[in-house]
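For reference, the chain that follows is the form predicted on its own, supplied as structure tokens.
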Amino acid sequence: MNRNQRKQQKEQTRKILLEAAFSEFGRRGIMATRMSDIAVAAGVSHGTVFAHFENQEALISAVIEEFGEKIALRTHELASQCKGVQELLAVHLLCIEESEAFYTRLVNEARFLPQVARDTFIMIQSAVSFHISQSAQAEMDQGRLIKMPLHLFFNTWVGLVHYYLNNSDLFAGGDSVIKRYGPVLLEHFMSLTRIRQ
């Protein structure tokens, strides 16, 4: 096997490990998943995981970073097609729903994650906040939304969504919270922030 093939094989193995970790983190919990669980899920030896990731912290950080890049790109891609903040918030819900199990674990366990992983999660939220805040500011300027600090607008929205995700066992009993409650949460939030004419 030549050097180029070895490099491709190494990259492919890393991708398989990241996908397995993403799935296992969503299923078991981020902090509860062991490196050996990832190895079994990926169908590789325990040593192979450590050949790619020095420790659990490095693996967690890599998974969250890759997830962050994907959700930020997806949000950016879909945001450019939105006509207003309500559509953008619907896009935000769609992006969460696409990775709901993992995202819920991320929200639930954020305070317990290694600092590097927490920083990445904050960057994900900042990227999403940027798009939502721009759209909200435009509608506030047009007199369509109640004027308020943008951080309160975003944090109220995220707080509402995260509350339902944190309590998914109560609200959805194993089903998708976003699928079941997303439209209701969106309409409720808009009724609180929209100027009635």
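Being a predicted model, the structure only gives us computed values, none of them experimental. The numbering used is simple: start at 1 and walk along the sequence shown.
The form predicted in complex with the DNA is left out here; the points below concern that form.
- Only one segment in the set 149-157, 162-170, 133-141, 54-62 has any non-hydrogen atom within 4.5 angstroms of the DNA in the predicted complex, and it is 54-62.
- Among residues of the shown chain, R6 is one whose heavy atoms approach the DNA to within 4.5 Å in the predicted complex.
- Not displayed here, the DNA is approached by T48 to within 4.5 Å at the level of heavy atoms in the predicted complex.
- In the predicted complex, no heavy atom of R27 sits within 4.5 Å of the DNA.
- In the predicted complex, the DNA sits beyond 4.5 Å of every heavy atom of S23.
- Using a 4.5 Å cut-off on any heavy atom, none of the residues of 73-106 reaches the DNA in the predicted complex.
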